[in-house]
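Starting off, we have a lone chain in the form predicted on its own, written out as structure tokens.
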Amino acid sequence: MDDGLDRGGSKDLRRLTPALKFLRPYTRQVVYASIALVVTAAATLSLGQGIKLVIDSGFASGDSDVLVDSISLFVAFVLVLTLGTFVRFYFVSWVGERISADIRRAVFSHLLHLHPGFFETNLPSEIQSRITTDTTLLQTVIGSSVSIALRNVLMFFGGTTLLFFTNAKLSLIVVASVPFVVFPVIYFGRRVRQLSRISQDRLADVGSYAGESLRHIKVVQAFNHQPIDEETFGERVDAALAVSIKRIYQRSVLVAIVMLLVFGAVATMLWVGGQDVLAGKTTAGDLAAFIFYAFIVAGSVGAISEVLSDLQRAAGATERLIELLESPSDIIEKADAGDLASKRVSLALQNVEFSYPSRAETKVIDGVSFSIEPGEMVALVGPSGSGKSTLFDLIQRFYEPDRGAITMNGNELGDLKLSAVRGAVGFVPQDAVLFSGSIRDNLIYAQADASDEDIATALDLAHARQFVEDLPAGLDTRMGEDGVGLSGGQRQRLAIARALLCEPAILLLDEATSALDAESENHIRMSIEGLKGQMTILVIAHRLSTVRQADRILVLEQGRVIDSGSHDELMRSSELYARFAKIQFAA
């Protein structure tokens, strides 16, 4: 599945560096966590000396007061360790959650401003997985694994230093065992990394397939496709599970081998140290402290080997998130871009040519030129694939023309603010797009401060007020995703009302009455008739009633305007239009 994004992970931990900029606002919390980290590491290492004091001074002295003093000192170390652990865990976890939330917001905000063409080559479901799964992985690493790694690095070096300070001879055994521990960590760690990357890919496939099937559940059920979807989904789940089990197996082998080698070295130290205690060359307290530090060092090596793969997975996740965050938009707004001075807007296209980036060899728009005066209504007619909807995309500056210019009131779209261009346009797509939430939420999507009177007026114009009032909760009726629960005609009327509510200067209607019954279409046609002169209207239409309503009709074929005029004129002058009128426009 090629989604246009490199999903490979990275073993280079430097790839985590871009995430550090999100740490800067929380320097104070990081400092608190760092201080607590150092304190807890020091307190843990001090426990070894506490054990030595209890054994050599407490037990060996035979004096209960000395024993109490020794144990009291030991308890003090434990209390400091407990308090420091609380502070460290709280602030590290808080920073991890905060950074994860900040990265999600930053990535989502950036994606919202990317050109729509980006999502043709990058699957939205895949991007959704990155925003959720990858940021969750990063949060786990920052909020846990990094802290564990740093703590164990401190414990390793501190413990190693105290090992040599306590007993240099036994410490040489530790040093000699290090290569035997490091080799399997490197060997199995590489295999775990590879399987981790593959596992992330398989999990993304699972989420993408599930999301697509559930979004189009009516189509799935209409074609009785559930058994096939269940089987395919099960295959993807099994594929992800198989890779995960391989990864778990390799990681389990790694941990087991490390533990075997480490504790084998500890057993050797116990034998050698025990001989020294029996010979009177060292004290039992020194040996106990040495064993404690040996366990500290061994545990640190084991913990670092475990979190290393998490850190490498996080490096890959960070790399993928930064790719999204740094993805450039093909639509660039000039620093000195201006606004539209008038609410009455003329529109003109001059020798416009355009090809989609994914099929650059095919011209979708080929030398189109026409102009529309403020308040004029123009209809676009032509076979499927002639470029009608693409013209709407270009007018809203979702794409840049390859050649030519599109102007509003004489200003090229590139010289205007994107918010000005799109704020001047009210768009009604053929497939009405509604969001989860209430009907009111959808209507005020482009006009958040709209009053109830404004909403009522827009609903009247869209012939939607009656069915909305008949709903149990009226405007506050909740809808599912994509307006599930409403008919196609109801969704279309709400989309028309939403476009009219923001009182656009240019109204773009892409076959906006295709799902309506004859009565509703007639009401909306009358509403559009009343809007003529108040706003510029450009409509893609196949119905004769809508086409004849226009002041002018443009006939498109293979990306070119091949004729224009009124209905009667085109019936005489355009063979293509006359054929369409007889076939598609019911007489």
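From 1 onward, residues are counted along the sequence shown. Here the structure is a predicted model, which means the values were calculated and not measured.
Just so it is clear, the following notes concern the form predicted together with a small molecule, a form of the same protein that is not shown.
For a residue to qualify, one of its non-hydrogen atoms must sit within 4.5 Å of the small molecule in the model of the complex; all three of Arg359, Val364 and Lys388 qualify. In short, of 486 to 494, 351 to 359, 84 to 92, 121 to 129 it is 351 to 359 that has heavy atoms within 4.5 Å of the small molecule in the model of the complex.
Between the small molecule and the residues Thr407, Gln430, Thr268, Ser213, the one pair within 4.5 Å by heavy atoms in the model of the complex involves Gln430.
Of the listed positions (Phe77, Phe156, Phe188, Tyr399), a single one reaches within 4.5 angstroms of the small molecule by any non-hydrogen atom in the model of the complex, namely Tyr399. In the model of the complex, at least one heavy atom of Pro383 sits within 4.5 Å of the small molecule.
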